[in-house]
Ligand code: NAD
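Below, in C-alpha cells: the form predicted on its own, a single chain.
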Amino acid sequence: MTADPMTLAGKRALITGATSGIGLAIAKALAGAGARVMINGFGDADQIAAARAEAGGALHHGADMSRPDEIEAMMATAIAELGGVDILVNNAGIQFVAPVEEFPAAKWDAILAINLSSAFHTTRLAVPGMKAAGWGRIINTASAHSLVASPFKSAYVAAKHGLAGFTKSVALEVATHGVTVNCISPGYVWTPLVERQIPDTMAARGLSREQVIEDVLLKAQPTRQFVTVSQVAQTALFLCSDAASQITGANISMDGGWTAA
C-alpha cells in the first residue's frame, strides 16, 4: 500500500518518538511524499542531526512526552514553525517487563503517561486546526498488545488497549470533519524498544537471549518473521492518502498472524 508521492505536498506532519525505529521510518516516508515534518524524541546531538537529515531536514522538538506542559510547548512550536499540524503520528512509547507484584509504580505511571496520555494531549491540541482545515490524519502506533495480552507487560498492555479505545472514540467525534483517526498495531518489530526489553524478559522467564527471540517474540507470529519498520511506515503513508479517506476508527493489525488465532 503506497500513496502518490505528491499527495502530501504542502501537508505538515508531527511524529512523536521519531529519532529512531518506527517513528523515524514514518517520518522518512512522509517527508519523501512531500510533507514538511517535525520529529520528536530523545538522543544525543549526532543522533538527532542524523534523524533530521534522514527525514528530509525535519525540525526537531525534544519534549518529554510524559509531561503535558512540554507537549503543549511542542504543539505550539509545531503550529508556529510548520504553520499547522495536518498529520499527527502518536508513536512515542516505552516498555518495562516484570511480574505485576514486582512492577514498580513509577514504571506503571511512566508507561501510561508516554504510551497513552501523551496521545490525548497531542490530539486535543491538533484537532481544532484539522477541523478548521477540513482535513487531518491522526495515526496512533498501537501494538498487537492492543488486542491481546502477554504476561509481565501489564502496563504496556493496558496502555495499548486504552490507545485503541481512544482512537475509536476520537474517530467518531471528527468523522464529519474530513479527519481520520486510526491505529496501526504491529507485532514484534526489530527496533531499539524491542531489543531493550529482551534482558528483562530473560530475567522474568528464566530464558536465554536466543530463547526469548525464537520462543517468545517470533513464536507469537505465525510467519516467524519480524515486521519491518518500512512496512509500518508504508501503511502510515497509505492512511494519509485520499484512498484511505473512508478508513477511520480502524485498528490495522500487522503482526504476521499473531492476533488471527
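It should be emphasised that the depicted structure is a prediction, and the values quoted were computed from it without experimental measurement. Note that residue numbering follows the sequence shown and begins at 1.
The next section is about a form of this same protein that is not shown, the form predicted together with this ligand.
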> Which of 80-88, 179-187, 101-109, 131-139 has heavy atoms within 4.5 Å of this ligand in the model of the complex?
Replying inline: 179-187
>> So in the model of the complex, is this ligand close enough to residue 13 to count as touching (4.5 Å, heavy atoms)?
In response: no
> Does this ligand come within 4.5 Å of any heavy atom of residue 20 in the model of the complex?
Replying inline: yes
> Is there any non-hydrogen atom of residue 143 lying within 4.5 Å of this ligand in the model of the complex?
Replying inline: yes
>> Is it the case that residue 57, even though its partner is missing from this view, gets within 4.5 Å of this ligand in the model of the complex, heavy atoms only?
In response: no
> Can you pick the one in 194, 220, 204, 213 that has a heavy atom within 4.5 Å of this ligand in the model of the complex?
Replying inline: 194
> From the list 63, 31, 233, 38, which entry has a heavy atom within 4.5 Å of this ligand in the model of the complex?
Replying inline: 63
>> Just to make sure I understand: among 66-103, which residues lie within 4.5 Å of this ligand in the model of the complex, judging by heavy atoms?
In response: 66, 91, 92, 93, 94
